[in-house]
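First, one chain by itself: the form predicted alone, in structure tokens.
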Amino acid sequence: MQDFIITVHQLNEYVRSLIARDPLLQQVKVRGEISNFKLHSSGHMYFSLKDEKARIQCVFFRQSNTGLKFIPKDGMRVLASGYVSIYTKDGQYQLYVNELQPDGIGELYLAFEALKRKLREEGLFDPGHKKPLPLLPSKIAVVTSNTGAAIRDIIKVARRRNKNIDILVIPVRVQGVEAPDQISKAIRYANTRSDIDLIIVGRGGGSIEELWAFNEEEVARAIWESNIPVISAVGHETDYTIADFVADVRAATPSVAAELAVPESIALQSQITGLRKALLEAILVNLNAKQHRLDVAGKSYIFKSPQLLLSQKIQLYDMLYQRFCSSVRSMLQKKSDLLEKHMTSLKALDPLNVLGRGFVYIVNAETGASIQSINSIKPSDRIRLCFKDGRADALIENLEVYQSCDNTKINNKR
């Protein structure tokens, strides 16, 4: 029998065509755990899916993963939908993914998004509500498990940065049904103490189910109601929980939380030394400037001959006094002239001056009312004639009324 020889490429293409004709492999859904995840600069995702016994290479092209609502990471359990084929260049069969979703957490993801939307609309994520971290906290409360790696990392980093920092560990469960209640109560307890300057809430990494306690509404509200600044440090850098959005500051990991919370004592000491040096230099510069001004002033001829300065001031005072007196006299003269002018006008209007020329004015002898018209009196009325130098009373015997200025009589007697 003659051997049938083909190339490697032909062999791989043949196997690929066989797989392509299998309908089961053209639409398959595989459950597994992601490992060796890589996001290429092109946007394509490469990773392996594995279980306890085997693994398969996967590729998730950019045109298929653009709508992905989460970031895949190693250790995440997922359901990958796609088709199986062979990459003929390497002769390796792999799963070409066109849809990826977290395994068993679809409902959790929906609940996460729903609560996130609700709390955002209520303003719990508002940056204006977030409190600044204290510059030099003396005591920090850490709400976490007292047996996990998170508390060890926080204490280790905090002590390394400042050995004098005081840490209060409030142990709680960080996963399970009891965790949300314990975490929220621990945050509220820390707020009852006057010696706590800062609160760190968190735990180490894990699956979304393990981190879920920090996605519960009661924990979010306890953080939001806290009067003490809160740092959220849940999981790894790529893990995000509701607590991260509500907290005053989010730390990528518990270790980063300790770095954010505790200033490095060596750096602070160096900063203080630098500030002290700058302050001393500023004081010396200021003193030198003042000394220079004093030296210049001391060399001035004024200070050498103070009598000259006094003489100049006396001369200036005399000149200003003369100007003042002259101004006052001028003003008084103007006022006196104006007063005399008004007096002359008043004298011209004085009725006594008119009486001096032979005129009198008449008033009712009983009432004293001025009589300006003959119609104001009648026969037998008593009147009073006022002269320049005295007065006389008279009795009206008869009246003559004139029609106009030509003194035409209209009634001789009345």
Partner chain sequence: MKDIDIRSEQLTFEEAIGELESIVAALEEGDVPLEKALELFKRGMDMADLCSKKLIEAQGIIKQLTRSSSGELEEVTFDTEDKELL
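Residue numbers count along the first chain shown, from 1. This one's a predicted model, so the numbers in the text were calculated from it and none came from an experiment.
Separately, the form predicted together with its partner chain exists; it is not shown, and the next lines address it.
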property	result
4.5 angstroms heavy atom contact with its partner chain in the model of the complex for residue 189	yes
Contact flag, residue 206 vs its partner chain in the model of the complex, heavy atom cut 4.5 Å	no
Interface membership of residue 170, its partner chain in the model of the complex, 4.5 Å heavy atom rule	yes
is_contact(residue 322, its partner chain) in the model of the complex, heavy atom dist at most 4.5 Å	no
All of 7, 17 and 98 with a heavy atom within 4.5 Å of its partner chain in the model of the complex	no
In the model of the complex, the one of 287, 332, 114, 338 near its partner chain [non-hydrogen atom within 4.5 angstroms]	287
One residue of 179, 151, 249, 198 in contact with its partner chain, assessed in the model of the complex (non-hydrogen atom, 4.5 angstroms)	151
Which of 220-228, 67-75, 157-165, 233-241 sits within 4.5 Å of its partner chain in the model of the complex, heavy atom basis	157-165
Residues from 242-267 in contact with its partner chain (non-hydrogen atom within 4.5 Å) in the model of the complex	265
